[in-house]
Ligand code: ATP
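First comes one chain, alone, set out as structure tokens in the form predicted on its own.
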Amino acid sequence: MLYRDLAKVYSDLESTTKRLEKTHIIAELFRSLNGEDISEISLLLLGRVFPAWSDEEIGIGSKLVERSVVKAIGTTLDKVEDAIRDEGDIGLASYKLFQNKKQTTFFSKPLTVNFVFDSLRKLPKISGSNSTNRKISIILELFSQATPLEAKYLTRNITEELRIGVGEGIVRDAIAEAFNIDKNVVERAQMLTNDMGLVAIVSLEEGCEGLNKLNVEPGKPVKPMLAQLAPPLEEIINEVGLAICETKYDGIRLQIHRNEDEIKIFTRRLENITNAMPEIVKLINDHMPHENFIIEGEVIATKNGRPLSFQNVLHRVRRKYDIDKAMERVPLKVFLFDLLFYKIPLLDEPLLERRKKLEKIVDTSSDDLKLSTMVYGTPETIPEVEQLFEDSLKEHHEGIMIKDASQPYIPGIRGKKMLKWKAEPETLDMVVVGGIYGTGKRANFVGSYLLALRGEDNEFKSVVYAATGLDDDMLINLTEKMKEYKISEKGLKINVEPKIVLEIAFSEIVKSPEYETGYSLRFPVIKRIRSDKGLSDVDTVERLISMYINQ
């Protein structure tokens, strides 16, 4: 397929905000493709060239792309920067600039999707001396053959900021529509593999039968099963019959894989953080069987045997340098609670059986690797569950998890099969879409943040401005991120791409015509930055309304 044809599809997708319309456009495209093209295009539509589980990324900053544009069209960096400032987007600026392109490449061939895809995959593999110029050469080869419309989307593909309003849900639904496959089958295949390219090509070539054969594989993370807030304890235990109740730790959820001799550690967002946690890799290697497995657990930071705040372990995960020093300053401890694969996939087995198998294969002789503290919850053992809750709070943990012991592992789904019971009031994970700069001593900092939730169409709808709960470090960190993700700025107001996820506490939900949801929050407080969560983890307007009704 020619890249200019894909660019036209990108343009059509960008021109509509309607989810169904976007789905139909992509479904029609998919029906026209062969296996190689559909695998590559299903990723390119999501603005990437590597599967979600891959730790590879194109990794090209906007400045390098700007330098490439300068060379491609024979202009100056000042003019490129002016165009970006005027248009507010490097893609729109490139479209404008390439219309006045001075240089012409004779006998150039039209760009193909395959050539673009392969070229972008080469970029992260280039390192060493003269690597910047070698990367620019690859980008220039693309730009030299590009039309203005192709340049618009090439720059966005290179910077992995496509801005066409297409997420995994739309591509998933388009696959289902294109090949007449149940959406639930496509969704499960995607949750298990986290590889939209694989799901697309299997759907094309093997249909529903092929998708049903896909399963988890060690080395490729699976979307985590998600929890929701628990109703009264007695009500849920009586409904479930037998529950596994375990301490809820205030750390980062890990998915740990062993594939032959290689151990990988992923976060709930499927980020590979193996290099940041060498001591955890050693723990797992020393105290788990040398068989292929996938286990889930929670890692916490400790000091003198007591858990530290969530931010301490988050700093460890984000650290790329001086890991040895960080290991000394912030010791880590892992609590394991689920087994998804051991020699064979185990997701469809009841949690009770998965837990028993996990208990058999873990060596808990190390103080730094333990199973989660657990009791069985039945109508007769509710006092024991309440005691676990109290003990967990005394040990400075968040509360307890209550899981239906009879249920399989359901990737990516939030429901009543997995519940959390916390001492603190429930919070919302919200995304920042804008803000207002402060005044006086805080004139250089964004002091108030416009927060949004996910609507039915996965568009983000505003709910409230929050300004309290910020210490100086958070204020500096958030302001830097706001500048990095800025879309536009006027006066004291700034609009940003939805990238920053914050956990927000509040006293009450109220109706409010001022915000897009029709609701707002009283006394919102920013509890923490949730760098471990992505846009798919942002809470929904539907949940907000449900909480409003129940309050």
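Here the structure is a predicted model, which means the values were calculated and not measured. Residues carry their position along the shown sequence, with the first being 1.
Below: the form predicted in complex with the ligand, not depicted.
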| query | finding |
| --- | --- |
| Segment assignment from 412 to 420, 87 to 95, 469 to 477, 326 to 334: heavy atom within 4.5 Å of the ligand in the model of the complex | 412 to 420 |
| Exercise: residue 268 in contact with the ligand in the model of the complex, heavy atom 4.5 Å | yes |
| Residue 403: touches the ligand in the model of the complex, heavy atom cutoff 4.5 angstroms | yes |
| Residue 195, heavy atom within 4.5 angstroms of the ligand in the model of the complex | no |
| Residue 226 within 4.5 Å of the ligand in the model of the complex, heavy atoms | yes |
| Interface residue in the model of the complex among 183, 134, 253, 396, criterion: non-hydrogen atom within 4.5 angstroms of the ligand | 253 |
| Residue among 145, 372, 312, 407 with a heavy atom within 4.5 Å of the ligand in the model of the complex | 372 |
| Those residues of 233 to 255 which, in the model of the complex, come within 4.5 Å of the ligand by heavy atom | 246, 247, 248, 249, 253 |
